[in-house]
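Read the single chain below, which is given as structure tokens and is the form predicted alone.
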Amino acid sequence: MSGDKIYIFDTTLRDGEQVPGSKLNTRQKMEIAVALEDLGVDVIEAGFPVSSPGDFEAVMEVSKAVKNTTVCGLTRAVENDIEVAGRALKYAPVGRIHTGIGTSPQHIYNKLKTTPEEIIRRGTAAVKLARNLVSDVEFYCEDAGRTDNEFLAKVVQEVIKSGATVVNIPDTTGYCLPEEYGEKIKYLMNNVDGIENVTISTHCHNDLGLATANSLAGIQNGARQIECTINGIGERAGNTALEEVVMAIKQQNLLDFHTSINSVMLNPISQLVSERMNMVVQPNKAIVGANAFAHSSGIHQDGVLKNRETYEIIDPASVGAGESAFILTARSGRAALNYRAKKIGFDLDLDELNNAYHIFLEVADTMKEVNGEELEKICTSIYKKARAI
């Protein structure tokens, strides 16, 4: 396959699980991790090992459950965090410690109450310690989205010198516009020595609904890893949705990039995560929502029945969604009515279809959707009248 590979780092089990009321137990984390490996993700961030005994156990058991995928544990730039993560990852096929510290003025002065110089010292010390435990170390510059680019470049430069193999540039608060985030990645690519020897990662939050757009802007400007979650779940408004960035790359042939994701598994894993985390997927969610391939307008239904690509840029089967759905409402036309009637065994001639459509409209005006049972009643009544004549 030609073009650059974009590595998919899934943090459903860590950042995604930080949604209130969506706690997963170890068995559920293992189940989802195996599904993520089958999906083709490159890195699974399984948890924050030092945060609780349960998270430590989950990271360790996920490490045992997967066969080839890199397993990652999150830490702060704190010695004990890093050592605990190293122990949790000892069974991983490939273990990655993901350590880091805040780099924006808001984090440096308000949260950490320290200095820029101390941020660099603590960051580089954390990377050096982690490299003593694993060969794959990712460093995150928390709140990079609001960090001055010149200072951000200094931090990135120093952690690369200290042995980081991946550097994460998070838009932690979902603050950036796509052009701004893309320029930030571009600035780093042009101003950090040795950056070509590491992987730059995006980690975008969705507070302004721009997580997917920002992630794509990131890879267009030099990033080669996208951090994301199934269904876009995560703190506040959520994270970049895995299914969205993967299909955007695939459908747009974006700069000839590719991923290792088996897109046919996107809907099944979306449903699995939704059920295990007790989080309903909004119907209009891109790619995996119930309405993503549903049509109720007569104009749209007629167009799709003539040629699916008239109103669908993605084949539903390519993301495991089966086939297009034609929802019968008062806005539906004869084409969709005839299609649905044939699906339940009624082959209506033109006169029967016209008669059925008039009855259908009367029924449709009284309800949001005409279901299969109501449609069968309409078609049966038309058949009986035709035979009586």
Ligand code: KIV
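Here the structure is a predicted model, which means the values were calculated and not measured. In case it trips you up, residue 1 is the first one in the sequence shown, and so on.
Absent from the display: the form predicted in complex with 3-methyl-2-oxobutanoic acid. The rest refers to it.
Although the partner is absent here, Leu74 lies within 4.5 Å of 3-methyl-2-oxobutanoic acid in the predicted bound form, judged by heavy atoms. With a 4.5 Å cutoff on heavy atoms, Asn231 does not count as touching 3-methyl-2-oxobutanoic acid in the predicted bound form; it lies far away. 3-methyl-2-oxobutanoic acid in the predicted bound form comes within 4.5 Å of a heavy atom belonging to Pro170.
In the predicted bound form, Tyr181 stays away from 3-methyl-2-oxobutanoic acid, with no heavy atom inside 4.5 Å. In plain terms, the part of the chain that comes close to 3-methyl-2-oxobutanoic acid in the predicted bound form, with a heavy atom within 4.5 Å, is 170-178 out of 282-290, 246-254, 170-178, 266-274.
Along 11-26, these residues reach a heavy atom to within 4.5 Å of 3-methyl-2-oxobutanoic acid in the predicted bound form: Arg14, Asp15.
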